[in-house]
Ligand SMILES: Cc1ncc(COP(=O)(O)O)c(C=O)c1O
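As structure tokens, one chain now follows by itself in the form predicted alone.
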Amino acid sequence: MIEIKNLWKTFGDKSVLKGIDLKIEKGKVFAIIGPSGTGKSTLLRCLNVLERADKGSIVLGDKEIDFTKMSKSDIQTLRMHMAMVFQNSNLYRNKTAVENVIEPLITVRKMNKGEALQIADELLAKVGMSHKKNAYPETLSGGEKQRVGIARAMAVNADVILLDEPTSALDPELVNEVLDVIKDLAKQHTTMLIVTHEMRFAREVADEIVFMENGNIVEQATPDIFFTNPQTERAKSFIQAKVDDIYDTDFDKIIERRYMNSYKWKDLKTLDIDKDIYPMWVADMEFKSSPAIQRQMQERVEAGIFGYETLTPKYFKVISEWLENRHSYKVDASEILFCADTMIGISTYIQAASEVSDEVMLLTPVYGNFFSTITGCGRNVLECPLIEKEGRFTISLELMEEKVSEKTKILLLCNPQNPTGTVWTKDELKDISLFCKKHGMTLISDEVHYEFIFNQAQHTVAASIAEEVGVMAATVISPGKSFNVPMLSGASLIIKDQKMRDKISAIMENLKYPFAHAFVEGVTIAAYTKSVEWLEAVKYYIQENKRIFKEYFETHFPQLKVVNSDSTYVMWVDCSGLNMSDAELEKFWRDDCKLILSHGSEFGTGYSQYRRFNVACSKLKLEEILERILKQMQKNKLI
């Protein structure tokens, strides 16, 4: 291991490196990333003593070298331990490729020319440059020069290879040939410290990501953690700006769905409909699903047989691992029941956990299909409104106590909350659970939006809290919302109580609920095991859309109050500030702004002046819609 301690470097009155501490483990690849001018290249140059550090030391094995007191012997030792690959290769122009590689073998490692030539030939072969070994640099392409530079760095047999933006000076078509060489070195467990702006490459090849800004290491983590769950706001902002480079996405592309059999677009299929009308109501996304899911679908279609199917143990194992790894909720695969969709899981639970004419409590505003599902099961809806505090909807235990009765048997929770975007805290979930325990109620939590969590909020599986206080709880999840496959993925009803699981299974069997269709298992596994990068990319894109939407409303029409939302891709807007009747408000949105929105009354009593906007669409389309609203607000003299 090599350890850098408290490394400082100043140019004039500007501190470029500010107390850098870094441990470089043998056999690992460290990718140093961050905005331009943050000291990344300076760090490498100080390590190779191309720049003299003002303060700090480096530990090589059992020897510690003070950067401010280095002798010529110390410098030579450092350069033997750390070989450098420069942005522009820095080859000797008067020497051939092979002569450039043998130079450090003869001058640093003190080999004779014959031995040096043999090793140089081997190294040039490793980087695919044997055929150009006698060529001079001026006859080589930029990529070929860099490959020779890498071979020269390897010749020193250093502990660490330092690569300073090895592709930044190359034409785009030459970048991959250099990156492929570095990937091969990584597979051979060559220790490397790479300054790079190639985000996808960093994610693929690095063991550790070191994120620098303003001369500091702001964050350090494995690629999976850094790119999917950065801990600092600055790292999150950096990833957001680089999302297309990291994930190779195309969420800006507008996909024509008008003539597809989309429920969201169903009102626009007729030829005489106004072509300017845009639907922002149903909660699905205007993005293609992940490439892994698309490939899985194609492979399954090619099989050509679509008969009755069962689910394998792998299906349940993948769901169990996802819940534990992503949400810290440990579930045995046997505790997961397959449901054809989310509402089947909820309705079956309601039938199993209550009797006809019992009450099911809803915390409103809440997903509209809950109401019809409850009444369809022969139960009664008991609405209990949430209260708004500083722009966030939360529970009122006082109101819940006022509403509850002996007939109230179930609390049906939406976690996170649709449409308000509230992410329930552990304390709120504990209050809800204790309320259920006090009144002998069970809890079922719909958590299908649980991957879309923003603003450093933290999702907690409601059942994990309910179980702690002794309340029977069920959880419904699905990859449908998260991966934009709501009609392909099915759902999972998770219940740890064996008797309740048996009761629900019996109801499903008696009602002959449908088998899993041919695509369920493949789509679910592809989503949870091969589409995490896509999920993180779409989350960053949606987070930016949510920010744009809220800031635009606050700036241009503050009388429309956008609720503070930490989850989902829908925005809940209080329109009462327009001072319109319900009919006038609907006409304004549908006829003037030409938008189909979710009407507030769908979500409970007393919300007719609210509208729910779905912002999971192209950023270009969102900006066009915002400008459209602005023009109509001006035209109607509302601002």
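Throughout, we count residues from 1 along the sequence that is shown. Everything numeric here is computed off the predicted structure, so don't read it as measured data.
The same protein also has a form predicted together with this ligand, omitted here; what follows describes it.
Proximity to this ligand in the model of the complex, taken as a non-hydrogen atom within 4.5 angstroms, holds for one residue of 342, 475, 100, 422, which is 342. For the options 557, 367, 201, 238, the one in contact with this ligand in the model of the complex, meaning a heavy atom within 4.5 Å, is 367.
Proximity of residue 539 to this ligand in the model of the complex: non-hydrogen atoms within 4.5 Å are absent; the residue sits far from the partner. At a distance threshold of 4.5 angstroms between non-hydrogen atoms, residue 565 is out of contact with this ligand in the model of the complex.
A residue is said to contact a partner when one of its heavy atoms sits within 4.5 Å of a partner heavy atom; residue 283 meets this definition for this ligand in the model of the complex.
Contact between residue 459 and this ligand in the model of the complex is not found at the 4.5 Å heavy atom cutoff. You can rule out all but one of 160-168, 498-506, 251-259, 334-342: in the model of the complex, only 334-342 has residues with a heavy atom within 4.5 Å of this ligand. Contact residues in stretch 388-427 (any heavy atom within 4.5 Å of this ligand, taken in the model of the complex) are 414, 418.
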